[in-house]
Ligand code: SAH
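As structure tokens, one chain now follows by itself in the form predicted on its own.
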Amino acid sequence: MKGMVTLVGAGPGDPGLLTLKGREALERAQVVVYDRLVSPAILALMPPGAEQINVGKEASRHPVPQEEINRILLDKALEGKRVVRLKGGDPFLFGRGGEELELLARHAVPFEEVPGIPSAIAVPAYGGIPVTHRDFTSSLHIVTGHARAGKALDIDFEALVRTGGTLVFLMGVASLPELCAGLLAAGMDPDTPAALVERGTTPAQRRLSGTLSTLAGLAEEGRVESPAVSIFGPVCALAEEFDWFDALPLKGRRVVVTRPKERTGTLARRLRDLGADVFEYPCIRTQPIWPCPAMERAVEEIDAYAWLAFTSPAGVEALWSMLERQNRDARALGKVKLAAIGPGTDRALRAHGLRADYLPEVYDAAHLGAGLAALARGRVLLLRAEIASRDLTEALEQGGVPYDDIPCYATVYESAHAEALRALARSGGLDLVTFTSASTVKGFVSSLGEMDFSGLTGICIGAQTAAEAARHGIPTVVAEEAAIDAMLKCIMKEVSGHGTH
């Protein structure tokens, strides 16, 4: 049985510009064949079990020839696999998407194309340049600045100049002097506004503004590297006025997010919205302890408890997983009241149609325990991690409240991408690291091994987390409360207090 190939345009770099249809195709893929320009945040959406084939250029090796890429797509489809060909920008805009479909069509392999947001429009936009504007131009022309190997550029510069429209050249860093010379020879005004946007739509974006006569020199002086987009036309004069991306408060700042993969989304997304270069480093993961006879017995006898308390969303999910295995639902919990350590855990409850009866004013184990000690008129059931803080149980004991403390999930340390992060830390390429629990600190330190952490700043969700970071020599700043909003405010304050790099 033949599989299917889906060409997916990943957009120009910002993971937020991946289309919904592209994401859906990627999440269903059994094989993903991807290029070097695809954002790591987009690659992270690949299913864990999917076969990953990198056909882009890497250090010390040449790109995979186009013919071989075509053959890989065909072979994997003939194995009956769902194949996603993930390409930067749009597959049909100078992306060789048509070439890759030809071999599939000859072998009657089903395929589809999911368009991507093209860099020719998105990159200028992120540089503050609208490619069209009624007061400046009525046309847009997108041209490749890259010629086939061994061949000269074949561009009708005179025709382009006659249009009077905005000209956007892709893949033209090496040929920029030739492009500028061709436009000048064709009669374009040397003072025509021009711009070059390097690594567009990413936190490393850089825009150089000049004129047709000066742009090539600026690019050489600035050592511009691919990928970069060059734009020529009066609309380039609007760049300074419309430059919204470079004005983002965390633009150019690299922030490591250490939350478990299943919960990294909100914090990472909001940091990116503020312009940060986010390195997603889920150094821990939680896994339910199953079978868990103690939890099963406790839930079967839930009427014996006055309160059921959770210290993380993982505890909520562990309980829910157990109920589903038993073909039961929330009704099994009877009239027991629910307590959550903070808003994130409460949201996990609400996702299952429940809500916390109690959240402490300060979102930590000690305050949760103190609050329960004051409220509880009966036994408390704690469903939490295998290794958990004693602050909660000590507060209950001091209040004379009986409890059962049942571990229902374990924390496992991860080390994927540790070498890349270690290299960044040693080179001074890290600004801030976010820690949302003491476990994330332990996972972060254990995965990176022996090294000096004094050059980092840990943004910690609470005092216990900060204490763990301090034990490992990590300078810390503690959020005013244990919530993502407070951590973001803390990051903004830290950045504004130290200026920009």
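Predicted model, so just to flag it, every value in this text is computed and none were measured. Start at 1 and count along the sequence shown; that's the residue number.
Below, we refer to the form predicted in complex with this ligand, which is not included among the displayed structures.
Although the partner is absent from this view, Ser226 contacts this ligand in the predicted complex, with a non-hydrogen atom inside 4.5 angstroms. Although the partner is absent from this view, Gly275 stays clear of this ligand in the predicted complex, with no non-hydrogen atom inside 4.5 angstroms. Proximity of Asp90 to this ligand in the predicted complex falls within the 4.5 Å heavy atom cutoff. Within 4.5 Å of any heavy atom of this ligand in the predicted complex lies no heavy atom of Tyr403. When this ligand is considered in the predicted complex, only one residue from Leu319, Val123, Ala309, Leu86 comes within 4.5 Å through any heavy atom, namely Val123. The single contact residue among Gly344, Pro282, Gly95, Gly252, judged by any heavy atom lying within 4.5 Å of this ligand in the predicted complex, is Gly95. Of the candidate stretches 198 to 206, 326 to 334, 408 to 416, 345 to 353, only 198 to 206 has residues whose heavy atoms lie within 4.5 Å of this ligand in the predicted complex. Applying a 4.5 Å heavy atom cutoff to this ligand in the predicted complex picks out Pro12 as the lone residue from 1 to 21.
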